[in-house]
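The chain that follows stands alone, in the form predicted on its own, written as structure tokens.
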Amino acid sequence: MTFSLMKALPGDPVYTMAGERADPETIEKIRKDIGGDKSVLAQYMGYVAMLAKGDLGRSYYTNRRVLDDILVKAPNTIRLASMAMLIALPCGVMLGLIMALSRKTRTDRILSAVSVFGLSIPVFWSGLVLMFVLSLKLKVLPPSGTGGLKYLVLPALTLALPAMASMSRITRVSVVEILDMPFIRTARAKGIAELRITTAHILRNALIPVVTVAGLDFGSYLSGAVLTETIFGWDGIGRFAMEGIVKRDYPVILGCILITTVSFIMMNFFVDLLYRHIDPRLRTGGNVD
């Protein structure tokens, strides 16, 4: 589908590569070099044949193997995704727990409003605001670039904010449902410490939907946070894909989509396996004594 959509869109990468003043002979030579003189079906079959050999093709502009470039940029995207999840998951769960335990109070209403705001603002706006405040005004972090921890904080925080808001709301709903269940009242009647009830009974049962959202968010991060990486100049798969889109570098676009799709599927598979360790009902066929 992606291959067909790219070929159906108006525009021709040959003219971008050749330049506005290129003569017809140069244009035809470039078109032949990249296989653009063949039918769409023939181009697609040729690409599938390359994939069967483990080859994602070469960039139209750099002539480097797309797979080599992706392998260089993938660690940066993994670092960014991991840092964003390390911020979003504990903070989101903690905020959701506070909201649930203080439901129908002023604290709950304020945090709920904050979470809605966090879900509503686009990452390109929040990223620019964080860059303006922390980089230009306070001068505590670099505004852009790829490097160590100080370069990682701003894009990771930008990426984590909407996920944090989403997880807090899901955690709140899940915890509120569990608080009204009989086994919680039984645990309190037995005199079990409130901290143990919260950690061992409430949180563990509330983590099922949170793990689902966290897995989907992390999978989307691995797919390349296009806007975030572009705004902060982070040299990852998302920025690489954006550069390919702007230049109509078809092998780069297809390679990024293929790799990130596989990563997303693998992440969802890992989440399914994780369910068995969180929910004992899945290990016992639904029967828990």
Partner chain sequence: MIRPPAVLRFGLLLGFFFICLGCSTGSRQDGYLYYRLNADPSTLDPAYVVDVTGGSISAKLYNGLVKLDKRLNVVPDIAERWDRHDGGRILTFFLRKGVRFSNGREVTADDFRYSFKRILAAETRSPNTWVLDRILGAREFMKGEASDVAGIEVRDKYTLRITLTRSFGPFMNLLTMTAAYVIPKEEVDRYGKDFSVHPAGTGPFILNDWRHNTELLLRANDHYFADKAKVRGISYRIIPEDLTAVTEFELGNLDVLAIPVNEFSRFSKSGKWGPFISSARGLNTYYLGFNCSRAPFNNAELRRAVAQAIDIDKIMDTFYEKRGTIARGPVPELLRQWGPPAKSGYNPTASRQTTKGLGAGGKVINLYVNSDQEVLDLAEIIQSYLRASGLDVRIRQLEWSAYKAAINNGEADMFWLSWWADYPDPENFLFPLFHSSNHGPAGNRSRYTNKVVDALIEAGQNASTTEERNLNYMNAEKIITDEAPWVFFWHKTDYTVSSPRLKNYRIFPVYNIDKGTEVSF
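Residue numbers count along the first chain shown, from 1. None of these values were measured; they are calculated from a predicted model.
The same protein has a further form, the form predicted in complex with the partner chain, not shown here; the description that follows concerns it.
With a 4.5 Å cutoff on heavy atoms, residue 62 counts as touching the partner chain in the model of the complex. Contact between residue 79 and the partner chain in the model of the complex is found at the 4.5 Å heavy atom cutoff. Within this chain, residue 30 lines the site of the partner chain in the model of the complex, having a heavy atom no more than 4.5 Å away.
Within 4.5 Å of some heavy atom of the partner chain in the model of the complex lies at least one heavy atom of residue 136.
Of the listed positions (56, 70, 231, 257), a single one reaches within 4.5 angstroms of the partner chain by any non-hydrogen atom in the model of the complex, namely 231. This chain lacks the partner; the member of 192, 176, 200, 121 within 4.5 angstroms of the partner chain in the model of the complex by a non-hydrogen atom is 200. The candidate stretches are 162-170, 96-104, 125-133, 176-184, and the one lying within 4.5 Å of the partner chain in the model of the complex by heavy atoms is 125-133. Along 133-149, residues 135, 136, 139, 143, 144, 145, 146, 147, 148, 149 each place a heavy atom within 4.5 Å of the partner chain in the model of the complex.
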